[in-house]
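First comes one chain, alone, set out as structure tokens in the form predicted alone.
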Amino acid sequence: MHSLISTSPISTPYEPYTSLTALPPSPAPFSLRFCGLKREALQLSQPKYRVLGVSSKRIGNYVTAASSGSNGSPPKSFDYDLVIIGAGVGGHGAALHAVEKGLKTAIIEGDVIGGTCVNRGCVPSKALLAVSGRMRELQDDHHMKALGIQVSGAGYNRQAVADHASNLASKIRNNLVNSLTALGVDILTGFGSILGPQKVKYGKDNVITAKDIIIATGSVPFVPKGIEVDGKTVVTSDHALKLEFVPDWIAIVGSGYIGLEFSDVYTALGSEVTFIEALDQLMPGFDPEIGKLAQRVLINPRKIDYHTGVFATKITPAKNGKPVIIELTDAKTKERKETLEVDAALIATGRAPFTKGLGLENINVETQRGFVPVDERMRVIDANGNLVPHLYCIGDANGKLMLAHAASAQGISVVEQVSGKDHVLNHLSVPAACFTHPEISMVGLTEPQAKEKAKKEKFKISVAKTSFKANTKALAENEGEGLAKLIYRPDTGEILGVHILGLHAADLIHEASNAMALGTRIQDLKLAVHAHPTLSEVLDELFKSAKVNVEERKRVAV
């Protein structure tokens, strides 16, 4: 999955959640849709899995068991050590790591190598956002004059911009293919499905066996009922990335990653934008303080208006000279409110897992709202609550964290396990970013989530902040608008969350996310050295401003 992952403002049947078969899904304690943070990330209680059966082996702290159903017996010898169904970023990352571990590996792809991220997501969208960033800067007379630069008549060629995005996707796709073939990974073409234990079919009638299998089939745009997509005037992100035309006025349904990034593109290219959001505020998945700042910086100064607390219950494409018609309904009362007439509509209501036709019924696995149920080690769970031996699911298809780099990290974690080393990915340390101008990034908990966790576990939290206005490099770029926010435990120095809005925020977040992944505490980060003058000093000042009382806690303990 790509970086353009939005909330689902119209409806949330495919809202990411931790898939568990022991109990039906319960409502999330907070709004977690933006980052895909799940119950395991927040360390909330989980139902227990049943691990039954006669033939079993212990992996980590679990026992895997063969299903008691009549699904056939696994083969005694295998064509491959590992077969991966799906060649997106997750499957590709798993394949490369498998080769490094000495596993004979095959990857099955029924569409094109690279999946959503490379072909219809993060890669082409970054090309469009690169253009929007340049256009936005060149059109800002005040910004240019402050730097002593005179520019006039900045414009763009729509087809050339679209070609830039397409060519970039093609280049990255070819790079992925070359990297797989160079390492000896077999690329098998055709739709893959599971026939039984350790047995996979691809294409028409090709059957192979593997010691271990990874499902990495990704997701597709989710379109709520009542919305008619024609691919021209009513589009999903798949269509919009082709930039076949730039409408004068476009409605964007959903104000998450996808919607916000596309609003950046369209307004820079001259469009007026109207957001339609089901919840009472825009960008509901952001940390509230960052969300307010983002609205002030990214929404209010631009040609953007919005309707919150409403559903787009019906959208009809433009036809016969008539505009796109959008019927709005109050999200609470369900009463019809008004009708909008626009030139185009972008449906940015999130993603739905692509898991149909995988043959999961052959191994007694039932999806939950389309997601394949897995445990914390990405091992697939069947309808009886048993762990299915040698079968894993990563990425958007399991719904734990719908981000491309999370899929890759999950794939690497699975390869570690099948290579004999137990590994559990800490999803709370996986960063996310929104590539607007300026950018937004985050890792860990929002402040409300951290307060909820602190209340439950009976500890206190503190918040530290620093402004880009105090950073020399940001001021040199005349880009002082921005904020970095740290949420932490003052008694231990543990980082609970970091949120950044500002110049190159997507690059800055990794110091915090890596610290969280490695368990590095703030008192140690205070001693780190950062080059001057660089934007990294925003994080340096942020950590130095935190008040950690570890020594006091030790004295109390004594």
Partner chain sequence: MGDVYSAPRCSYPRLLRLTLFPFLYLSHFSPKSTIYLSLSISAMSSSLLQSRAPPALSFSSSISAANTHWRFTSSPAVTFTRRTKNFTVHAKIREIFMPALSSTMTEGKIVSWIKSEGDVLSKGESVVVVESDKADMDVETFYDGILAAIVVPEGESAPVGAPIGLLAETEAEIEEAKAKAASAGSSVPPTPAASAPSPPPPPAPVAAAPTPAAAPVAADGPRKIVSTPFAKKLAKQHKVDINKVVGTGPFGRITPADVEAAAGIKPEKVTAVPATAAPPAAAAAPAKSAPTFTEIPGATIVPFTTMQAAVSKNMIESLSVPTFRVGYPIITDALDALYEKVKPKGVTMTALLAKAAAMALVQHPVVNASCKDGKSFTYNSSINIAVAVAINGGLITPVLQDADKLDLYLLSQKWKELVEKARSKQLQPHEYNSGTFTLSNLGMFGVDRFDAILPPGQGAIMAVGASKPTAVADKNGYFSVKSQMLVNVTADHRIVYGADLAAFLKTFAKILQEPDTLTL
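As the structure is a prediction and not an experimental result, all values here were calculated from the model. Positions refer to the first chain, counted from 1.
Unshown form predicted together with its partner chain; subsequent notes refer to it.
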property	result
A154 within 4.5 Å of its partner chain in the predicted complex, heavy atoms	yes
Close approach of E341 to its partner chain in the predicted complex, 4.5 Å, heavy atom	yes
G231, heavy atom within 4.5 angstroms of its partner chain in the predicted complex	no
In the predicted complex, E416 touching its partner chain (heavy atom, 4.5 Å)	no
Heavy atom within 4.5 Å of its partner chain in the predicted complex - the one residue of A470, I149, A182, V207 that qualifies	A470
Sole residue of I299, V424, A383, A162 within 4.5 Å of its partner chain in the predicted complex, by heavy atom	I299
Stretch in contact in the predicted complex with its partner chain, which is absent here, among 270-278, 126-134, 102-110, 189-197 (heavy atoms within 4.5 Å)	270-278
K171, N178 and E439 all contacting its partner chain in the predicted complex, non-hydrogen atom within 4.5 Å	no
Within 4.5 Å of its partner chain in the predicted complex: residues from 319-337 (heavy atom criterion)	G321, K322, P323
